[in-house]
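Heads up, the chain below is alone and in the form predicted alone; it's given as structure tokens.
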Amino acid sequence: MDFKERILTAINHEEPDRVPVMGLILDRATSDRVLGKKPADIGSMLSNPELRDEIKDYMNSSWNDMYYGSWADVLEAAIKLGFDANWTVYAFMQAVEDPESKLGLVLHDVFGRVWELGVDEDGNMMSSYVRGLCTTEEEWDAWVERKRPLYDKLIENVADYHKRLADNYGDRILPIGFAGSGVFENTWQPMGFVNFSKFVYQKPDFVEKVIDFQTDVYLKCLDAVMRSGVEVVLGGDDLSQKTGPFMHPELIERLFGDSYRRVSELVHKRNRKLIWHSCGNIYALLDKFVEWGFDGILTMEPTAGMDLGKVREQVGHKLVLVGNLDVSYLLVRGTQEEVEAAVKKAIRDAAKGGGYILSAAHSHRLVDPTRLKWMIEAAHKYGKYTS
């Protein structure tokens, strides 16, 4: 089997020639190390006000080319390591001067989030969500009205980005298109979780208005991803933290259940499969994922208490399982013997009958490419089906 057949066979809950392995490479730091590229010293450049202005102008005029180039390197790195698939994520942001920021620049995304820019020890640029820009209903209404043309541009960019990656790399790896943050995150993050929690009870009509808007945008993003020709798509919302869901599952159902059903219906109408990404402890949501129509889940975070065998026992083959290899220790500084043992355990716990794709539980800049390679080699060695 080739990489595509292997992934699709597992997703159909059948046994391929061996357990497929999916990459979650995300960070430039990882792809640079795999490809032997020297990172640009962005920190020093941003410390120079004149260069900072040039960088801001370049980012805002050439965002799509810059972003595509970074993800082209990600796929090249995933191919070099030997993954069968890797996710591909699109984000649309604009650089904005901010004197309170350490580097003088922040990123604003189209949904109304502020992303703080930072630099790692190698000079790679990083970004982290820090706050929202739409903390009141009036601010949200004004933001949407002012940014309305950018939402149309977002959909156009999503389609072009995923098609370019699929066309240029689809003969060597399966790019799994990711529509980015989902309806839950796109609803609460622009206003902040405290405000969102209050508005659920104090201004339910406003919350419903935001959810309806974000659902429509998300469906358009998913449709744009699927126009690239990818056969498996990723959706996602971090619905849980380490100890359990952010909100009671029935409240999540009341607010977002219909949105998630619409997402699944759209994907299935296009004859695609939908894998849903959620960090945290998601045991209490597994039955909801089945009910909402998701085909699979990623990542089953072990540091949040997610045990792959228990998840398989709870959901059976109602969901494809992707992930679960630890990125706090195992794939950062674990020994080769520890990586092999974790791979064998994951295969033993979840692979029988198909429906399992081995992967890391997530990605960050300290995940070590050598240990990713060990993970892949162990899957090739121990992941062959005998039935």
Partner chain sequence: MSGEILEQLKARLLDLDMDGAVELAELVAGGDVRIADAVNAISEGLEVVGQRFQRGEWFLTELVYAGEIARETMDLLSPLMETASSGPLGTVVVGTVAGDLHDLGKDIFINYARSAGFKLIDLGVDVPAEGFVSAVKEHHPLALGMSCLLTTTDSEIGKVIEGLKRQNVRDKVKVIIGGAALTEQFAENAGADAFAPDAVTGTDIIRGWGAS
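Because the structure is predicted, anything quoted here is derived from the model rather than measured. Residue numbers count along the first chain shown, from 1.
Although not depicted, the form predicted together with the partner chain is the subject of the following passage.
Out of the stretches listed (137-145, 74-82, 269-277, 239-247), which one is close to the partner chain in the predicted bound form, meaning heavy atoms within 4.5 Å? Careful reading of the contacts points to 239-247.
Please tell me whether any heavy atom belonging to residue 314 falls inside 4.5 Å of a heavy atom of the partner chain, as the geometry stands in the predicted bound form. It does not: once the partner chain is placed as it appears in the predicted bound form, residue 314 has no heavy atom within 4.5 Å of it.
Touches the partner chain in the predicted bound form: residue 206 (any heavy atom, 4.5 Å): Heavy-atom contact with the partner chain at 4.5 Å: absent for residue 206.
Is the gap between residue 229 and the partner chain in the predicted bound form 4.5 Å or less for some heavy atom pair? Residue 229: no contact with the partner chain in the predicted bound form.
So in the predicted bound form, is the partner chain close enough to residue 196 to count as touching (4.5 Å, heavy atoms)? Answer yes; at least one heavy atom of residue 196 falls within 4.5 Å of the partner chain in the predicted bound form.
So which of 327, 34, 319, 26 gets a non-hydrogen atom within 4.5 Å of the partner chain in the predicted bound form? The option sitting close enough to the partner is 327.
If you check 260, 188, 161, 87 against the partner chain in the predicted bound form, which one has a heavy atom within 4.5 Å? By the 4.5 Å heavy-atom cutoff, the listed residue in contact is 188.
Residue by residue through 100-136, tell me which have a non-hydrogen atom within 4.5 angstroms of the partner chain in the predicted bound form. Residues within 4.5 Å: 102, 116, 117, 118, 126, 127, 128, 129, 130.
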